[in-house]
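One chain comes next, on its own, written out as structure tokens in the form predicted alone.
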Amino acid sequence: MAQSIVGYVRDAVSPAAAYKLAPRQFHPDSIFLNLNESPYPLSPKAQQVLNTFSQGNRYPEFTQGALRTAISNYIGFAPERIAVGAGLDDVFSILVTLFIEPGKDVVISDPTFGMYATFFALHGANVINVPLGPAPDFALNVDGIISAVNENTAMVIVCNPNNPTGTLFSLEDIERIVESVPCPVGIDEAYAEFSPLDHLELARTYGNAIVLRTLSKFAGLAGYRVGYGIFPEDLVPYVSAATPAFANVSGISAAIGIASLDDLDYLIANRDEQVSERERVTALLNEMPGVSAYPSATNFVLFKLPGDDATPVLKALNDRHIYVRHYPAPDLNLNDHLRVSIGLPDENTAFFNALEEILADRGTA
């Protein structure tokens, strides 16, 4: 056997700590409601770009200026303040390059997007958890977050609306954090378009607020990987230095992103249907005996099931080729919960009917 080089791997890179997702079994009848994807196809203009794109043999634009300009026109910030990446997780890599040194602290609030803890720990940060309050409110501990920040803190990350709870924290709470700490505050608003508020004004007002967004959800580009961040103006030269060549965004992804943002009427109509369906799904779940669905400002709904373990219900749904998300980690206190993404109306109805049958068979409905 050849000599192993495993011993050279950094201690922070632990296979056990990797961010994990359950595999999906593709079947003709599969309904995927577990990854908060858009259920809609590309917009007509984006589909036209996909059908006719012929520049795959050429490198994309070095600065991704056209994509950044399209995003600038959408959100009202100068293109220079916008950094793009291959999905929002790639923009987090820019944050790491800018701010994270081994041993520095990153403050998060679980339960939240699971990538934060694994990603920042992988790069040598100490992840400091200031937990949310208990269900159903999942309140943000603003004072706890502020108190957790010290001279060793590299960054605070707040997800709002929050994943996986769907909770919308008040703008006043987020602003109090931003104005009370000296370090960067990354505000992950991947679900902003499904929410009644955004944090763009904070990015205009405060020099330590960084707003993070994606085209995966609202624009349905999860498979094309286009994320972006809005950075403080005085950080622009450093962001440029920390951004990989071509911003890691492929030519086809950039072109599709630009075309999608030129097709806003289509995207907004889809968003409005999803919001309507979100409210319908929430109401139907809350009508089921023993089930509690929490208010959501996203494209998914977190709900509590009867009993103390949602695993059997998850398996029964999977057996019907319906895939939702489960959070069994003991420290999250969500083992009796499932999260369902909002799909097309008939997919949502199929999910609800299946869940109703499963709970009836188990004698809990």
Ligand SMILES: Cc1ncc(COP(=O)(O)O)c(C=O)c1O
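For every residue, the number given is its place in the sequence shown, counted from 1. Source: prediction; values computed, not measured.
Same protein, other form: the form predicted together with the ligand, not shown, and the subject of what follows.
With the ligand omitted here, the record of contacts in the predicted bound form names 89 to 97 of 89 to 97, 236 to 244, 259 to 267, 177 to 185, defined by a heavy atom within 4.5 Å. Residues 280, 337 and 352 are none of them found to lie within 4.5 Å of the ligand in the predicted bound form, as judged by heavy atom distances. Taking the partner from the other structure, the ligand in the predicted bound form has no heavy atom within 4.5 Å of any heavy atom of residue 72. In the predicted bound form, residue 191 approaches the ligand with a heavy atom inside 4.5 Å. In the predicted bound form, the ligand stays beyond 4.5 Å of every heavy atom belonging to residue 106. Mapping the unseen interface onto this chain, residue 167 falls outside it, with no heavy atom inside 4.5 Å of the ligand in the predicted bound form. Interface residue among 81, 123, 271, 217 relative to the ligand in the predicted bound form, by the heavy atom within 4.5 Å criterion: 217. Note on contacts: among 211, 159, 249, 156, the single residue with a heavy atom within 4.5 Å of the ligand in the predicted bound form is 159.
Residues 113, 116 are the ones in 109 to 127 with at least one heavy atom within 4.5 Å of the ligand in the predicted bound form, listed in sequence order.
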